[in-house]
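This document opens with one chain alone, in structure tokens, the form predicted alone.
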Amino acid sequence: MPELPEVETIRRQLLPLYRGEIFREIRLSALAALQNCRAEDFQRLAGKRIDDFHRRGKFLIFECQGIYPVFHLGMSGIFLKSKAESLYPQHIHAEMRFKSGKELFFQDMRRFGNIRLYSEFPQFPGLGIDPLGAEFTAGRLNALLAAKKMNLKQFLMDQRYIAGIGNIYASEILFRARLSPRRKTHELKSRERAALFQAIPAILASAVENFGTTYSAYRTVTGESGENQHFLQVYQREGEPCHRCGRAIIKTVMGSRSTFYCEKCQR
């Protein structure tokens, strides 16, 4: 957490609130979070206007007249409109103030997030296709599946192939597609590949419409919890009845991560 739906929710909320805002100052306190820059480099943003917000996988990109601050939210990163909204002000790592008087704060309690700065639109070499982008096609997905020999859960969470899917949505996608997380990518039949292709954007888009999933730290920019946790079919439902067949949901560990699935429905 946060995964693609949470980052996309934040992007959509930031757009009407901060597009067109002009930076007055930006202060950074967690210098260890800086990946390719120094704190003083962000002074270049003073006087720059935010023209747009973009997302690539789990990365949130600010477009600021030729300068591109990029935030990866890690496991607990959130944005706040006011410092007073923070329960952990000691973990606010970026403070952005604008000429209009508006403010924006980046908080990362667990410190797994990072901040980058680019002079060109970032390309993220090595990052896979975005499952909500035009590049996500059945042909590209089929080619990736055929070329790999790994279990489906591992495949979905590997950011080199598809960008933005984490533990929650990998389990939900596989349930919707009726595929066991243990199945091998290269062994899928044509109809199974088609089901997976349909399930990936459907699950992610639905989660965006529900403002993301909140289990602990994640909050929207307006300070509210996401609502998607109320619609999850298998994740964190160990021992509860499957909504399709009634059999108890199983929890297992794959790649050091909890995995939830229905043994009867997912073959």
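None of the values given here were measured: they were computed from a predicted structure. We number the residues from 1 along the sequence you see.
If you look for the form predicted in complex with the DNA, you will not find it shown, but the lines that follow are about it.
With respect to the DNA in the predicted complex, the three residues H72, Y235 and S258 uniformly fall within 4.5 angstroms at the level of their nearest heavy atom.
Contact check for H91: a non-hydrogen atom falls within 4.5 Å of the DNA in the predicted complex. At a distance threshold of 4.5 angstroms between non-hydrogen atoms, M109 is in contact with the DNA in the predicted complex.
When the DNA is considered in the predicted complex, R55 lies well away from it, no heavy atom lying within 4.5 Å. For E8, no non-hydrogen atom is located within 4.5 Å of the DNA in the predicted complex, even though that partner is not displayed. You can rule out all but one of 162-170, 187-195, 132-140, 94-102: in the predicted complex, only 162-170 has residues with a heavy atom within 4.5 Å of the DNA.
This chain is drawn without the DNA; in the predicted complex, the residue among L117, I78, M157, L145 with a heavy atom within 4.5 Å of it is M157. Between the options H243, K251, R19, R24, the residue in contact with the DNA in the predicted complex by a heavy atom within 4.5 angstroms is K251.
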